[in-house]
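Only one chain is included here, represented as structure tokens and corresponding to the form predicted on its own.
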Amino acid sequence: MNKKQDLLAMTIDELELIMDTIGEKTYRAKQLFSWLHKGVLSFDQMTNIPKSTREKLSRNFYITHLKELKQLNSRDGLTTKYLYLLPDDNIIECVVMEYSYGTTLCLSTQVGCKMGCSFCASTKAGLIRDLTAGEMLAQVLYVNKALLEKEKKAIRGLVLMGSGEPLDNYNNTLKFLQLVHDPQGLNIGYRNITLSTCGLVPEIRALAEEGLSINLAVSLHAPNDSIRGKIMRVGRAYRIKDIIDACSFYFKKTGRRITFEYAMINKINDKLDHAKELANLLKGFPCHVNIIPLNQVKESELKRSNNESVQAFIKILEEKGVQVTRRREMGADVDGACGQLRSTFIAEKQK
């Protein structure tokens, strides 16, 4: 990794300190921050900053750059997946999804993942390393630039649901959220940001204390600890009861209703008794259940539930008074699930 510090990971306050340290006026920090968050990642293009200042910065700092390796567009034109090369030759991916209410980017927070969920491609090779706040922000900036050049529109919402567990990379994730929300930068509202976690209880509670009104999505995928522990390694560390308690604390602190993600897996968690158990678990809780027919990955033998099972499961939840929807499926023809495109690309390169 580069021994220099990444300017893309710096807040305005941190940039002001840097300017003071190198003998420059602190107001230059806001100019630099503005350039960076407009996606101008070359010092030479920052025309209102003196050349001598830019030279000092380039000698002592760097700006994260990504190299696009691949771009896949779904047949329906609603999903675009990007594969990027990091400066240390690691590979990450992110995906743009078009909705009626705007364009959303699902981004990665780690290279790989160590959570060990049996249905996820991201975790098969384990965790390689955390992404920095600058590397997360770079995904937004690079995709924004591509969208603005092609379609004259920008990212309106963010989902931290790509490769990696955001709360396992807590400090970098938190700093990224603060950077992308900054009014002098991209100014993306916290309520337009969703963080997805497999249920790290201490970190959910810590995030609740931060005072950020972001949306929390919890990958539950089971109505009880026995099933969850079999399909999700993290399920052996935290009981569902503890997750629900942490989510209740999050709701009390933020006022944001929790979304529980539930991937329907054939003959594993899709029986009618499972639906009734889930409904009893969540009855009266301020939440929404997002039913997801499993997006099958090559690395897993798990199969998706058939449509009849999905519809019957949803009907029971509705009858029990649980708010539920079936997730709109997007990007299956472009390896849309977390880690799929990266895994496929690496496997092809190794042949």
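Fair warning: this is a prediction, and the values are worked out from it, not measured in the lab. A residue's number is simply how far along the shown sequence it sits, counting from 1.
If you look for the form predicted together with a small molecule, you will not find it shown, but the lines that follow are about it.
State the residue from D270, E261, D130, E203 whose non-hydrogen atoms include one within 4.5 Å of the small molecule in the predicted complex.
It is E261 that has a heavy atom within 4.5 Å of the partner.
Please identify the residue among L174, M161, A279, L216 with any heavy atom within 4.5 Å of the small molecule in the predicted complex.
By the 4.5 Å heavy-atom cutoff, the listed residue in contact is M161.
Can you tell me if T197 lies within 4.5 angstroms of the small molecule in the predicted complex, counting non-hydrogen atoms only?
Residue-level check for T197: yes, a contact with the small molecule.
Give a yes or no for I63: in the predicted complex, does one of its heavy atoms lie within 4.5 Å of a heavy atom belonging to the small molecule?
I63: no, not in contact with the small molecule in the predicted complex.
Does G235 make contact with the small molecule in the predicted complex, using a 4.5 Å heavy atom cut-off?
Close contact is absent here: in the predicted complex, G235 is far from the small molecule, nothing within 4.5 Å, heavy atoms only.
Would you classify C120 as touching the small molecule in the predicted complex, given a 4.5 Å non-hydrogen atom cut-off?
So C120 counts as contacting the small molecule.
Counting only non-hydrogen atoms, choose the one of 218 to 226, 71 to 79, 96 to 104, 204 to 212 that falls within 4.5 Å of the small molecule in the predicted complex.
One stretch meets the cut-off, namely 218 to 226.
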